[in-house]
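Quick setup: one chain, the form predicted alone, written in structure tokens, and binding and motion questions come after.
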Amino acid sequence: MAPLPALITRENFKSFLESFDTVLTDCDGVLWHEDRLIGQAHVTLNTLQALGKKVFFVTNNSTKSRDDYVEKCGRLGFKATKEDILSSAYVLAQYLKQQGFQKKVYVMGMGGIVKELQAEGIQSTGGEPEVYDGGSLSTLMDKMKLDPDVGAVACGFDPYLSYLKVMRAASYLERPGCLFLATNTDERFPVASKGLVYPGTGCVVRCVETVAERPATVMGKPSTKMFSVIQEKNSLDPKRTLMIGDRCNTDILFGKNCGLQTLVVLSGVTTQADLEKWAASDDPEQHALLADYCLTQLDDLLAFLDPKQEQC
């Protein structure tokens, strides 16, 4: 059995606050649900910034570019510049740049990946719906034209996932040396509406992996590649960096993999029941999902950051 994450209280808050200089925070499920703020998350982060903490917004969501995220942050009341945003799409583009990639990328995903590739001068194809309109498979193969310049496949969130797209991606991946990259493997989005489950990028990636018979190289959390990109441009001390997230198998495991302090909030995917199950398990892999600290939601910190907020 492992200990549950520590609750942040008035007694331990001072030592907690003084233990980190930098905050990495997930977005969906921590700061907002789609376009709806979660409590006063914006006030919380703005207060931490006013206290001298450096804040980075770290997201596995590849549907938007960093420019799009700066606009969204501003609209919802968060203070962020382009340099403060780290998305899985941006990390993917940086990875290809570091590899000296000169070919074209086939994108199974949305505009966020395409825009970040364009920003690095990397050409891409795909990124739009491709629907099977009937007919035999032999006819289909005659119609499908493969781009000879494609040297990488990038899988992100793609609501237009189709048989043709999987076929095209797997066919490119048959080429010797073709790179296979995934923005992330999140199982589902941290939203619920009328009992519906919103599939995440993981289903797209697993589908292509199954057909291609090879694993993708994952760019987003829990991979350490995201932190490597931040480290390349900022002098961060992992031991004095706090990772905040709502999904333990990505956000918190990412923090653990990078040697960061970790804080889980229960406003998204992970529940208290999950934490108790993992703590009671004899499996060390489940113990690795347990954060150092836990809050119901991020703005619980306001009662300690600003005493005047305590009655809100």
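Every value quoted in this text rests on a predicted model; they were computed, and no experiment measured them. Quick note: we count residues from 1 along the sequence shown, nothing fancier.
There is another form of this protein, the form predicted together with a further copy of the same chain, and it is not shown here; the text below is about that form.
Visitor: Pick from 230-238, 90-98, 157-165, 70-78: which stretch has non-hydrogen atoms within 4.5 Å of a further copy of the same chain in the predicted bound form?
Guide: Among the candidates, contact is made by 157-165.
Visitor: How about Glu276 - does it come within 4.5 Å of a further copy of the same chain in the predicted bound form, if we only consider non-hydrogen atoms?
Guide: Although a further copy of the same chain is absent here, Glu276 would stay clear of it in the predicted bound form, with no heavy atoms inside 4.5 Å.
Visitor: Find out whether any non-hydrogen atom of Ala212 is located within 4.5 angstroms of a further copy of the same chain in the predicted bound form, and reply yes or no.
Guide: It does: once a further copy of the same chain is placed as it appears in the predicted bound form, Ala212 has a heavy atom within 4.5 Å of it.
Visitor: Is there a non-hydrogen atom of Ser138 within 4.5 angstroms of a non-hydrogen atom of a further copy of the same chain in the predicted bound form?
Guide: Yes, contact at 4.5 Å.
Visitor: Is there a heavy atom of Ser171 lying 4.5 Å or less from a heavy atom of a further copy of the same chain in the predicted bound form?
Guide: Ser171 belongs to the contact set for a further copy of the same chain.
Visitor: Does a further copy of the same chain, in the predicted bound form, lie within 4.5 angstroms of each residue among Phe20, Gly29 and Leu51, using heavy atoms as the measure?
Guide: No, none of the three is in contact.
Visitor: In the predicted bound form, which of the listed residues (Gly134, Gly177, Pro148, Gly121) lies with a heavy atom within 4.5 Å of a further copy of the same chain?
Guide: For this set of options, the contacting one is Gly134.
Visitor: Would you mind checking 198-214 for residues with a heavy atom within 4.5 Å of a further copy of the same chain in the predicted bound form?
Guide: Tyr198, Pro199, Gly202, Cys203, Arg206, Cys207, Thr210, Val211, Ala212, Glu213 sit within 4.5 Å of the partner.
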